[in-house]
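Form predicted alone, single chain, as structure tokens, below.
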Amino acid sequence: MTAFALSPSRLAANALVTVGAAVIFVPLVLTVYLSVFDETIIVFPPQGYTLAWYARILPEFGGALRTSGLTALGAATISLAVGIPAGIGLSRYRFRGRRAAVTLLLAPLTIPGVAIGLGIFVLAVLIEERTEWALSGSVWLMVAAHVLITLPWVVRLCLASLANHDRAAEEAAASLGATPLMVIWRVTLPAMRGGIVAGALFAFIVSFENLEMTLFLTAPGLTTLPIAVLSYLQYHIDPLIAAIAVAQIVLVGGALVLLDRQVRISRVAV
């Protein structure tokens, strides 16, 4: 009997794990449940169930969804173009100012998004006053702003993917006559594949779901999905928002599972 008895510390750990799992999964289950209510106002119990709310996502939020998708795609692409070379350089070379460069690239992770958004908006207004360039309320400004919060993820994951990679293969390729660019293309980048894919995915999600910073960067005709959802909730309390949340959970979860099977992003996204 005593051989199978759990110690108080083990019982406490199991209880904490159970509570943590409940905190994570109970809201998800309730969101899925709310998304099929056949009610224009959320009431319990519902009179029936329907999937019609999912059909209303594109008609109601198609424009905002397109803006969020294009912005996230642009921010992720630029972040990869800058973050991959930065990750290789910071991981493989020691130079004066390296620590400052790492701090600068990762600094946006420590700054509240509201402060970044407000600072970018004020800077855009100052530039407009001096140059008459139409920056505020443009998609280019939004993409540039989102790069600030997506680039640190790409750099961090690229560094993580190279942390345990043995440089012997690179040195062997160089000793056999491969040029530095060929070594990077044939040896280094394949070793970074998991970090690159994970960085691209995280950058896209972080940009697509950003709310607090984007509040300062939207304009009439340029609204992202999180802002549109927030505006919708000011006047409606129906299951449509729950349907949007479920659709995003399914798409992101499916992408994570598929990519993890292909490149094992779970090894570097920790």
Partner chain sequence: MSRLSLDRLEKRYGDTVAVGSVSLDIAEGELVVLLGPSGCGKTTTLRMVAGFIDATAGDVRLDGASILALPPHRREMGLVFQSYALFPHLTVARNIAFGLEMRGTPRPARDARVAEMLRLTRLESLADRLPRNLSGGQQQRVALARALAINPRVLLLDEPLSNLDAALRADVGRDIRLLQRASGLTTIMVTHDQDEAMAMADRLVVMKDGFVQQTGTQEEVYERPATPFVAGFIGRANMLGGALSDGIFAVEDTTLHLAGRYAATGPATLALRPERLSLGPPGPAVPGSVAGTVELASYLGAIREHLVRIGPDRRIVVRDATAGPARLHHAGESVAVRWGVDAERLFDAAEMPLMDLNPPGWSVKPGHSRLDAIQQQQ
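Numbering follows the first chain given and starts at 1. Not measured: the values here are computed from a predicted model.
Keep in mind the form predicted in complex with its partner chain is missing from the figure; the text below concerns it.
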- Identify, from the list L109, A134, A100, M182, the residue with a heavy atom within 4.5 Å of its partner chain in the model of the complex. M182
- The one option of A144, I116, A178, A81 with any heavy atom within 4.5 Å of its partner chain in the model of the complex is A178
- Note on the structure: TL;DR on 146 to 154, 162 to 170, 122 to 130, 100 to 108: the one with heavy atoms within 4.5 Å of its partner chain in the model of the complex is 162 to 170
- Message: So in the model of the complex, is its partner chain close enough to R186 to count as touching (4.5 Å, heavy atoms)?
- Response: yes
- Message: Taking any heavy atom pair closer than or equal to 4.5 Å as contact, tell me whether A174 reaches its partner chain in the model of the complex.
- Response: yes
- Query: Does the 4.5 Å heavy atom contact test between G89 and its partner chain in the model of the complex come out positive?
  - Reply: no
- Note on the structure: When its partner chain is considered in the model of the complex, the residues of 188 to 225 having a heavy atom within 4.5 Å of it are P190
